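Here we start with a single chain on its own, the form predicted on its own, put down as C-alpha cells.
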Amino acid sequence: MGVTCVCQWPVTESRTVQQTVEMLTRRIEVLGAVKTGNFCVDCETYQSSVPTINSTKLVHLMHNSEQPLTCFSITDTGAFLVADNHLEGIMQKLKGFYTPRKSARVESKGQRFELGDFLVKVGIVSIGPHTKGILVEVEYTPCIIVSDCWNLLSEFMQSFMGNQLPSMPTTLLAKQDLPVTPVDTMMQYLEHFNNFKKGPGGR
C-alpha cells in the first residue's frame, strides 16, 4: 500500500460514461500499462435510529477488493475503525441503534492496471442501478510518505490526465510527512461518494 490519489474524471456531453472509460483506458495502455484484473470499492451507510438534537449520526461501512478480508467503518465525524468482515454482522445486530439508510449502496467498479511501480484503477461509480460518474485511483506503491513522492505521482498522472490533473486530496494534505494507510484511500473514496450522492439524481 503506497501513496494513493483518488479523483473524479469529468464526463462531457459528447461522450457516455462507458466511452469516457474506454478513452481513459486507451491512454493508460498507450503508456505501457497492463490490465491485471478488476477492482471494487463499495460503501453502505447506516444511520442512528435515535436522532440527536442537531442531526442523525452516520456510520459508513466500506470494502476494498485490495483488502478482501477487511471492513472499514468511518463515521461522519471522521473517526474510523478497521476490522474484519464480521463487523457487518455486528451492525445487523445493532438494528435498535443503527439502520441501513434507504439510499442504495455506492460502489466504484472497474479495471485495474499496473505500470512499473504504479497502479491505476478506472472505476464507474453507481448508486443502486444508476451510473453516476467515473473515479480514477492512482497509487505509487514503493512509498508511504506523501511529501517524498507527490511530485513523481503528479508527473505520472499528468502523462494520461493532461489538464485534468487533480490537486492533492485534503486527506493527504493533512498528513504529508506521516505514513499513509489504506484508511486514507477509503476516506478519499467516501468524500467522492458523498459528492455523487449530493449531485443530480443523488439521494
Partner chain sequence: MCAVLFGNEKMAADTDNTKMLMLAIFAVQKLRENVNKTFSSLHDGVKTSTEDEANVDGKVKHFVTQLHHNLCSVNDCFSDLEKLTSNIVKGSQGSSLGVTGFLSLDPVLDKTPMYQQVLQSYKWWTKLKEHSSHASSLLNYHTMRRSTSILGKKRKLQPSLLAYSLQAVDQLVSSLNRQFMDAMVITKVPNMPNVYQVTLGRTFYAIVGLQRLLIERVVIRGQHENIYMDERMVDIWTPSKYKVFQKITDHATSAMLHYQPLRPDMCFFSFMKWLHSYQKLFCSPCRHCGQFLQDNLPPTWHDFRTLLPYHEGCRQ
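Positions refer to the first chain, counted from 1. Source: prediction; values computed, not measured.
From this point on, the text means the form predicted in complex with its partner chain, which you will not see here.
Asker: Note which of Leu165, Ile145, Leu58, Ala174 lies within 4.5 Å of its partner chain in the predicted bound form, where distance is taken over heavy atoms; exactly one does.
Answerer: Partner contact (heavy atom, 4.5 Å) among the options: Ile145.
Asker: Would Cys40 sit within 4.5 Å of its partner chain in the predicted bound form, counting heavy atoms only?
Answerer: So Cys40 does not count as contacting its partner chain.
Asker: May I ask you to check whether Thr141 falls inside a 4.5 Å heavy atom distance of its partner chain in the predicted bound form?
Answerer: Judged by the heavy-atom cut-off of 4.5 Å, Thr141 is in contact with its partner chain in the predicted bound form.
Asker: So in the predicted bound form, does any heavy atom of Asp76 sit within 4.5 Å of its partner chain?
Answerer: No.
Asker: With a 4.5 Å heavy atom cut-off, would you call Asn151 a contact of its partner chain in the predicted bound form?
Answerer: Yes, contact at 4.5 Å.
Asker: Can you check 22-30, 60-68, 130-138, 155-163 and let me know which stretch has heavy atoms within 4.5 Å of its partner chain in the predicted bound form?
Answerer: Result of the contact check: 155-163.
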